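Below you'll find only one chain, the form predicted on its own, shown as structure tokens.
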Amino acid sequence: MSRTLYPGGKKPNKQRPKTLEIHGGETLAEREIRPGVARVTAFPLRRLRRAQDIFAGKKDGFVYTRINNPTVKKFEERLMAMEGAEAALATSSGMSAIMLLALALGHGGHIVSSNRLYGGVFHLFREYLPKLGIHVTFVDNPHSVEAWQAAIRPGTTRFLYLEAPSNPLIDVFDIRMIAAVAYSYGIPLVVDSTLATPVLLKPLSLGADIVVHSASKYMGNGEVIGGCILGKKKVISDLRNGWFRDMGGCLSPDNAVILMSHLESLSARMIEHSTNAFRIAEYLSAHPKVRKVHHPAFGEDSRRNKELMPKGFGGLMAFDIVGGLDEARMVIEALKMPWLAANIGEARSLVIHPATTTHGQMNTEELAAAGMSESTIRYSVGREDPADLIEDLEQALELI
């Protein structure tokens, strides 16, 4: 059971996670069965003194939709309730959220990151942040306490960054362990929990300081782009009134209300995605044309993974086929059910070749260090009947 408060700290309310997807953040004075859209740019400030205090961050109030908006606030409060966070800041995309955190927390310093990352984040950290004076050290074995400790530069490292589970190999990490390392050095741990969503994992309850989401995945059900940062109120307020206000990476009210609509079915969808992905991984793990299946329920760490994420692992998985790039291309192009598309978490299954697309900015050595190769195929398992997906995989794998 999850305990949350109505906005403003009034009227304590006990609600279970599934209920929070629908009612999280609501007040006793709520009058809208469906959230309305505040499609407006600026808000009346009424008095000059009030305007001055709001702009200075001394008072809360709506100013300009680039900074805050009533509809976007509802989405933020819904995620706060679901994630168990004090505050939230919605952004235009997941990458926008990560860039904001990197600039706001990492400026003039150093970041230590897992090397098991979405390719776009890896490229941002490796290529662009150093140009801005922010240097990143990648940990090649993110499961090792010693590896994290060795990468930290006391007095210079600003935060640790972890993607859990990771994209595309679904590495499951002991967040408590890594949070303890961060705490011992007095620095925050930032966790990208996009692939888990609050349904399967709540990093803040495990010691993480900040959680980031790409709402464009499971939360948005493939319909809209968005992101969110969650954590302590002081941290989120400083972000909103500083870097965020001047950078302008805000979420649109229209996208916010669509996201809230999809959040209402998130638990049911995540369970279905998780069940289907397990069925596909189980089939592929016994296939002679598949060299390795990347799914937390299979392999030598499966028991540990299930203890760390007992509710399931979501719908993303990957597998290495026998052969290389040519064979991977044959399989991908022979599949009839999944679309070849660069997203995760939609109702329909999606397939892609990471080494040449989503992670194509990583070189061969970096791919190998992160556990990928040209034979790796990423499969975002949708909510179709898994028997149909298996039959489709069977006919495609017969070609190699």
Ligand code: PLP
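From a predicted model like this one, the values you see are computed outputs, not experimental measurements. In case it trips you up, residue 1 is the first one in the sequence shown, and so on.
What comes next is about the form predicted together with pyridoxal-5'-phosphate, which is not displayed.
Contact annotation for residue 93: at least one heavy atom lies within 4.5 Å of pyridoxal-5'-phosphate in the predicted complex. Taking the partner from the other structure, pyridoxal-5'-phosphate in the predicted complex has no heavy atom within 4.5 Å of any heavy atom of residue 142. Among heavy atoms of residue 170, none comes within 4.5 Å of pyridoxal-5'-phosphate in the predicted complex.
Looking at residue 76, you'd find every heavy atom of it more than 4.5 angstroms from pyridoxal-5'-phosphate in the predicted complex.
Residues with any non-hydrogen atom within 4.5 angstroms of pyridoxal-5'-phosphate in the predicted complex fall in just one of 80-88, 216-224, 239-247, 257-265: 216-224. Comment: pyridoxal-5'-phosphate is not present in this chain, but in the predicted complex one of 352, 372, 344, 331 has a heavy atom within 4.5 Å of it, namely 344. Contact with pyridoxal-5'-phosphate in the predicted complex, defined as a heavy atom within 4.5 Å, holds for exactly one of 313, 148, 319, 118, namely 118. For the stretch 143-166, the set of residues having any non-hydrogen atom within 4.5 angstroms of pyridoxal-5'-phosphate in the predicted complex comprises only 163.
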